[in-house]
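Here we start with a single chain on its own, the form predicted alone, put down as structure tokens.
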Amino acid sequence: MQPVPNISAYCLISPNKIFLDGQIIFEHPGSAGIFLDKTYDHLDFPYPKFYKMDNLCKLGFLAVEILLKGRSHEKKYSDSETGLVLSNSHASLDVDLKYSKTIHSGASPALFVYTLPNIVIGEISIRHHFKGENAFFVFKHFDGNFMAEYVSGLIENKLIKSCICGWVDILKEDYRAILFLVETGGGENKLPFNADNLNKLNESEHG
């Protein structure tokens, strides 16, 4: 029998608000940068490298931190059993624009390192020791059909046992992340992992 994936948890970060499984857990006024830094302070875990990240990495990094908090995920799965499949519509444009402004006055290596959208996967993987299958896709809009098919294929082919997947996008002050923790089995509040549920949760204002 093929393993059946379910959504164990989901996290939505929209301007100045964070929801976990549909319930608001944090809000703070201010710019994107201020909000992300205040979220990190609120979560209260030591990771000094956070402040060096660009805003795209901060956004995805925080969403994963919220998804996994208190779940003992690392005890349930080996490093290679969790995958990361992310998508957005602006790739790394937010930091690309900032980097382009430095070229004529001395290109900034600190910004250049983030001029690929999949760097967010690297930052998350370093933090949580993930070594499973990963991919980053750029679409005009969130595509629940593609995400469900791609991640289900990884699980059905036994390449991974769990996956964090979804949308992480930012351009200046316009940002949104919705990430799903997918597992075979899942928790008490599990939902079937399929395109309908992904699209429905993504379209909700509170996840």
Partner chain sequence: MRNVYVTADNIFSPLGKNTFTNMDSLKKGITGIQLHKTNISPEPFYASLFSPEEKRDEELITYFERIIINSALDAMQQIDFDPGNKKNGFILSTTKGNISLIENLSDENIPENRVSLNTSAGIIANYLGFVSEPLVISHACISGLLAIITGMRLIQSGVHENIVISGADLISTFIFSGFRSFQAISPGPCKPFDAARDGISLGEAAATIILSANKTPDAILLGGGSVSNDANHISGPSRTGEELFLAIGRALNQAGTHADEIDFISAHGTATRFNDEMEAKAFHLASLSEVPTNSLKGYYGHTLGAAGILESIVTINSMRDNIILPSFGFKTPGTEMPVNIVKELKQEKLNKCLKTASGFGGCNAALVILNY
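Keep in mind that what you see is a predicted model, and the values were worked out from it rather than measured. Numbering follows the first chain given and starts at 1.
Keep in mind that the form predicted together with its partner chain is not shown, yet the notes after this line are about it.
J.: Evaluate D41 for contact with its partner chain in the model of the complex, applying a 4.5 angstroms cut-off between non-hydrogen atoms, and reply yes or no.
T.: It does not: once its partner chain is placed as it appears in the model of the complex, D41 has no heavy atom within 4.5 Å of it.
J.: Even though its partner chain is not shown here, does S100 get within 4.5 Å of it in the model of the complex, heavy atoms only?
T.: Heavy-atom contact with its partner chain at 4.5 Å: present for S100.
J.: State yes or no: in the model of the complex, is some non-hydrogen atom of K131 no more than 4.5 angstroms from a non-hydrogen atom of its partner chain?
T.: The answer is yes: K131 has a heavy atom within 4.5 Å of its partner chain.
J.: Is I34 one of the residues lying within 4.5 Å of its partner chain in the model of the complex, judged by heavy atom distances?
T.: No, I34 is distant from the partner.
J.: Using a 4.5 Å heavy atom cut-off, which of 64-72, 26-34, 146-154, 176-184 contacts its partner chain in the model of the complex?
T.: Checking each option against the 4.5 Å cut-off leaves 146-154.
J.: Could you list which residues of 135-172 come within 4.5 Å of its partner chain in the model of the complex, counting heavy atoms only?
T.: The stretch 135-172, when checked against its partner chain in the model of the complex, contributes A135, F136, F137, V138, F139, K140, F146, E149, Y150, L154, N157, L159, L171, K172 at the 4.5 Å heavy-atom cut-off.
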